[in-house]
Ligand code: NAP
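Next up is one chain by itself, shown in structure tokens, the form predicted on its own.
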């Protein structure tokens, strides 16, 4: 589409200049968009280090949240977050506050950017679930030496990101959607994503659909990256492989991404704030400019997006006035010269065509608490997590005695997921964190009027508390006749 044929109605977007080199790459990007007559009106806002220094716990003040809420769109430069101390990541705050559940990371070989994979035809998109998984940040110290992080994955969360992957494949005229999980080990959490992808995939027969174990996916990304088209995966898996994939085509310095939700979208450079070169006029704006191109396509300004992308491609291919990270040592130019070179190439077409895009339409999700009630629900037992420096046999025997006059029987004791009582003959290094599995002698069928086994559980836990310090309890349930829990290694 020719840029001149598009509507000139301007879209208001919040601009977050960020930290370090952020203001420099933002200024360069906005200069290029203005030269291309991009239909955007900018509203500046603050986030990151400047806000942490003013006392903000999240690094994102209310004024910034309000700006993004009003506009529904943001372009963000890198933000700094205190490492190992201080408040939450400002980046994570923005994603979670606006429920930006879909992280989109395009990975394409760029002209003039030489890597060991040049010529392989790499052109893929990694679609990463962005708000769940271990990144929910639910952590506890169980003992002084044992930390716990809860990995929460939900069926609606999996379905949203999988549908987003198919929507992207449709918008970009792609052919294959690959779901990458660790379902061979984490059968309930990662396995949920695999099962949901198989169910949702039935609605999209026009696409080739595959499943791959995430470690093999990482391997295949290095061995044969050109085989991938769209990869959809969970939060931490996606965080890792998207950075790996960026390294195949030139690194994080040129990598853009978008974060999409039902009510807002944020587009950003993936790289860090590079404080060592901040203020020196040396920064490469390619990543943020590429993110702005994604923003333009999001608002259906396809012609302007293509014009800017082609100008960038020509600039990279011809190798004139490239920043130092893209040039032989000592031959790079500054941010300003690179920016002017891109502007001078507006209106030209490169040998690398832009993909054909249509608007990416995400399915809107209802504003209600997601819940699915099983036909039948049974309470079959509980896991009690406790702290002790005793040996496993001594713990097991003590717990058997404590449970004798309760509705439960001790099924076993595990340590870091391995059964240690009754002994299985293995060799397990013990730490002071044990999980005791108690099963009801007669499982309880639950309904809306039941007490969820609370009196029986309370009685047993009180008994255990006379001898042991315990941290938490997990109910062992069975939904529609299927166990809703995993078994420790070695449990019969």
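Positions refer to the first chain, counted from 1. Everything quoted here is computed from the prediction, not taken from an experiment.
Note that the form predicted in complex with this ligand isn't included here; everything after this is about it.
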Original post:
Between the options 362, 277, 152, 336, which residue brings a heavy atom to within 4.5 Å of this ligand in the model of the complex?
Top reply: 277
**OP:** Counting non-hydrogen atoms within 4.5 angstroms of this ligand in the model of the complex, say which of 407, 111, 303, 272 makes the cut.
**Re:** 272
**OP:** Answer for residue 387 alone: is it within 4.5 Å of this ligand in the model of the complex, judged on heavy atom distances?
**Re:** no
Original post:
Are any of the heavy atoms in residue 160 no more than 4.5 Å from a heavy atom of this ligand in the model of the complex?
Top reply: no
Original post:
With a 4.5 Å heavy atom cut-off, would you call residue 284 a contact of this ligand in the model of the complex?
Top reply: yes
Original post:
How about residue 133: is it within 4.5 Å of this ligand in the model of the complex, going by heavy atoms?
Top reply: no
**OP:** Check, residue by residue, if 99, 129 and 292 all come within 4.5 Å of this ligand in the model of the complex, counting heavy atoms only.
**Re:** no
Subject >> One stretch from 144 to 152, 226 to 234, 262 to 270, 210 to 218 that, in the model of the complex, holds residues within 4.5 Å of this ligand by heavy atom >> reply: 262 to 270
